[in-house]
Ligand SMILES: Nc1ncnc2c1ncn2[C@@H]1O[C@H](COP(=O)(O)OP(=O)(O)OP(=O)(O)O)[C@@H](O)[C@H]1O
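The chain below stands alone, shown as structure tokens; this is the form predicted on its own.
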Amino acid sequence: MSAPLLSARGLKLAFGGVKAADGIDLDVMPGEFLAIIGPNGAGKTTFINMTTGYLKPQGGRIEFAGEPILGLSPRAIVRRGIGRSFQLPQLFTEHTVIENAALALAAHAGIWSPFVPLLRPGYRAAAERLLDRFGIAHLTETRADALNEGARKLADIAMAVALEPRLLLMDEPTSGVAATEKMQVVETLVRVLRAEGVTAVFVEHDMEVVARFADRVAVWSQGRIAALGPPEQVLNDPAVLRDVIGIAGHA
């Protein structure tokens, strides 16, 4: 059996009397798509924030590819190969989609200079290829603030993929996306990430998305993992149905 790509052990973090992480143990295996579900306030986003360096746990450890990453800055963690997308897309709204993609590619190359034209032919071609993989090449010249929520999510995650992560953590990738677009958006994300060999962890509230796309599901409850396993097992657990999905029996 292969070693975990990400391994968390004994993570603890409290805000006042609220335990956001109360002994979290979790392994993420290479190539898998792991969904994190649970009620609001259960600690799901806190786990992502600890893994990506935005919060420091009060106890425990996190290793990525066998190396400890606790104490590293978010930028250093990105350089190690962990990407992240937020619930609200982090786009430069006054710029076009292709300009956003070019900025991400330049950042990955370590270029942060106003004197370097980002849309010179090489960067433009790379940005166009990136957007084409996500099915949004037709939106290259559209300003980010004019995109619908589905396209905005795809553009945001395209920027994260431009940094060539080995692991991508996504906080509610379907939040705000119209019901008619949701499955198409996730299908695109899964297709691109699997083609790129990117392991993914995603927080999600839509159980249809979880059932269809997750390899495993972790259920968060009061800072703990209450259940972990394949979706067909976890999503039919009576306690999960009652406490997370909000129904008293099988659908």
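Keep in mind that this is a model prediction, so the values were computed, not measured. Residue positions are given as counts along the sequence shown, with the first one as 1.
Same protein, other form: the form predicted in complex with this ligand, not shown, and the subject of what follows.
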query	finding
Which of 180 to 188, 40 to 48, 60 to 68, 208 to 216 lines the interface with this ligand in the predicted bound form (heavy atom within 4.5 Å)	40 to 48
Close approach of Q87 to this ligand in the predicted bound form, 4.5 Å, heavy atom	yes
Non-hydrogen atom contact L11 with this ligand in the predicted bound form at 4.5 angstroms	no
Heavy atom of L228 within 4.5 Å of this ligand in the predicted bound form	no
Residue contact check: E172 to this ligand in the predicted bound form, 4.5 Å heavy atom	yes
